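Take a look at this single chain, the form predicted on its own, given in structure tokens.
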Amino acid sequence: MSCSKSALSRICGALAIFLAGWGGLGASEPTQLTHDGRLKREPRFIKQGSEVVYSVVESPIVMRLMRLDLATRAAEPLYPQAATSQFESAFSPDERYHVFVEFRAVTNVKMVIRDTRENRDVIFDPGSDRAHLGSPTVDPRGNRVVFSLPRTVGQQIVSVDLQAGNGKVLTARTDAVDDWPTFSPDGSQIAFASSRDGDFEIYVMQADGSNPRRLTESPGLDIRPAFSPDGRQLAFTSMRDGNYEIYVMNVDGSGVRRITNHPERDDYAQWHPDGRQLLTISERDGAFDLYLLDLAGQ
């Protein structure tokens, strides 16, 4: 397209900026799934990718879990009668177990392991280590919950069984913040972010905590990794270019490529079960909504 006239040049320039906003390497223009603009966190696909559960900030002290039907784009509370704030959701592969964090106040933060088949809750109470309890993920083999928990010094990744017992500390760096664990599809590995080398980078370790390996090395934080359904790639959030953007890399840390490119925030990437799309929470014009990106060449 030619832009020889000054007015046309301005139009072309604006169009170029608009397209560049989603013109990251390997992604086409996304589909906006929500339009309420409220601050959102931690999306998770359920029902074979036909629905999304996420948390929404209703007020400075109230968070609610929402369920979005991708076919109708209708959103409703996941638990309409909930009397507590609920957020940071995770599900077992068969969706029998739903894990989330709830709080009534900063001094009353707990993790709930809900057995939806038996309609029964098991509560993990961290005692005095409350403020930053979070980021639960369920072992794909369906027998343990892994999450991040503050310790006397630092923050570690720990696991418990589905009865909230038999706790194990998986990371041993007591001076570091280790957070955002996520299982590989076969349950053999856990990717996470850690500050152990000075700033947040992405690491991967065996599911029992052994053999931790650093995958990224950038001057800006790298956080919130998410395994692709085939276990070959990781999506993550990075500030290496000065802004929150979504990147994808191979599980050995090679082949890093930027997926989003916008002056506002792109965060919380999750893979659709088909492996060809990424779900993000993206800020556009100050509004936060869910977007679905098609990945080229996947």
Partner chain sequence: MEIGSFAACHCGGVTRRAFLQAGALALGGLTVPRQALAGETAKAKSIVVVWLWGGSSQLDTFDPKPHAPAAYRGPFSTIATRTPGIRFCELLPKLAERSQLFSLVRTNRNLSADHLIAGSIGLSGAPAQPTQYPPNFGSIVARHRGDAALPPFISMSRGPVADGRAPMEGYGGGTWGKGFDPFLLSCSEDGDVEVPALRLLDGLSPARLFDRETLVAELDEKRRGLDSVAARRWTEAHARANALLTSAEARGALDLARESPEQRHRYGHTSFGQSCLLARRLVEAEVPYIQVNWSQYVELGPPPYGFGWDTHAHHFNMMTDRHLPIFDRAFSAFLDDLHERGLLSTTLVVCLGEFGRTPKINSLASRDHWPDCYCSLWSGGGIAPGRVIGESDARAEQPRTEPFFPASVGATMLELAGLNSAVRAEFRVLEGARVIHELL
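Just so it is clear, the model here is predicted, and its values are computed rather than measured. Positions refer to the first chain, counted from 1.
Keep in mind that the form predicted in complex with its partner chain is not shown, yet the notes after this line are about it.
Proximity to its partner chain in the predicted complex holds for all of 58, 109 and 283, with the criterion being a heavy atom within 4.5 Å. Across the options 269-277, 43-51, 226-234, 240-248, residues that bring heavy atoms within 4.5 Å of its partner chain in the predicted complex belong to 240-248. When its partner chain is considered in the predicted complex, residue 83 lines it closely, a heavy atom lying within 4.5 Å.
For residue 152, a non-hydrogen atom is located within 4.5 Å of its partner chain in the predicted complex, even though that partner is not displayed. Using a 4.5 angstroms limit between non-hydrogen atoms, residue 258 is distant from its partner chain in the predicted complex. Proximity of residue 175 to its partner chain in the predicted complex falls within the 4.5 Å heavy atom cutoff.
Think of it this way: in the predicted complex, its partner chain has a heavy atom of just one of 144, 214, 132, 73 within 4.5 Å, and the residue is 132. Among 91, 124, 183, 103, the residue placing a heavy atom within 4.5 Å of its partner chain in the predicted complex is 103. If you take 192-207 and check each residue for a heavy atom within 4.5 Å of its partner chain in the predicted complex, you get 195, 198, 199, 200, in sequence order.
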